[in-house]
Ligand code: NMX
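Okay, here we've got a single chain as structure tokens, the form predicted alone, with questions on binding and movement later.
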């Protein structure tokens, strides 16, 4: 525990969403105030340029792969990639007005109904291998482009398979692959206690399948206070509408005066700019420096922290991971921000899957964590019951 004193739970911690209350250990990632998220001990700034497959390997094996291990792992994912059964027909039956995150949850549940081994690791890796095709089908079918979808080429990497399924016209596919690759790596895990990860692990503690657990995690991620914040952030950027510094500052101050949130800034743990945001700004400066939305977020990066810092109650006014991701996705052709959280979910399937495997098969000497069952008190009960 690095000499850390465990929190003494008091009455003040009740009805606070368990914020900061220790409940377990996480083997895949942790977050520090200055370096942000670390995957298995590696700060995210050192991993941003890796391929997603190698980060998946890291999360499941707690070490980066050698070239030989990387090649073998990619072949393993290839062997798992083919979709079982007729997922396309199920997706075609869904209302196109439904949010893409609801489609993602139903798609994952359907994959589980079509093929579940009831082996935690096997199912987690199978789902990871099948996510690119599921994502591609969701895009194609929701957009009314369900005809002539190209056959899945499982010999391709995870990102290439998704881009291949999309068949977007008039886009730079290399840019698209670079942005999605970076997005997936930066979003794969973020400690054990965020809402979606905790929800998925709690569901799995009842011995629900990986698929049922992950569908629940995606439902948790879909909320505007959690994963859907990236959708809200791009909508916020579009609302700003200008990269002029004076106008951006006036807009930010007006939003604060109206008691509306400034999306893309602040973090519960970090006290500096999120390294994941820094990596995305670096990527944007390379591939789309003159994109108007990227210019807006670049100006916001300079202006918003200064304005927010005027409020002494704000401990971290700096940019977080959501500020630039929407602008980059918009630039490569994903102009509908309602899809953005599905990319978040796609990435997080890896981290949540690895944590579920750890909690079910590794922790407590392989016995796994018991059923989650936090205690609630009747309103009339007093502090003496928890002292």
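Residue numbers count along the first chain shown, from 1. The term rigid core refers to the most C-alpha atoms you can superpose between the two forms while keeping them within 1.5 Å. Small disclaimer: the values here were computed from a predicted structure and weren't measured.
Below, we refer to the form predicted together with nitromethyldethia coenzyme A, which is not included among the displayed structures.
Only one segment in the set 22-30, 315-323, 48-56, 354-362 has residues whose heavy atoms sit within 4.5 Å of nitromethyldethia coenzyme A in the predicted complex; it is 315-323. Taking a 4.5 Å heavy atom cutoff to nitromethyldethia coenzyme A in the predicted complex, the contact residue among 106, 137, 90, 262 is 262. Interface residue among 216, 266, 112, 284 relative to nitromethyldethia coenzyme A in the predicted complex, by the heavy atom within 4.5 Å criterion: 266. In the predicted complex, nitromethyldethia coenzyme A sits within 4.5 Å of a heavy atom of residue 225.
By the criterion of a heavy atom within 4.5 Å, residue 340 is excluded from the residues contacting nitromethyldethia coenzyme A in the predicted complex. Taking the partner from the other structure, nitromethyldethia coenzyme A in the predicted complex has a heavy atom within 4.5 Å of a heavy atom of residue 344.
Residue contact with nitromethyldethia coenzyme A in the predicted complex: residue 256 places a heavy atom within 4.5 Å of it. When two forms of a protein are overlaid on their rigid core, residues whose CA moves 2 Å or more are considered shifted, and residue 285 is not one of them between the shown form and the other one. Remark: with the core as the superposition reference, the CA shift of residue 174 between the shown form and the other one stays below 2 Å. Once both forms are overlaid on the rigid core, the distance between the two CA positions of residue 258 between the shown form and the other one is 2 angstroms or more.
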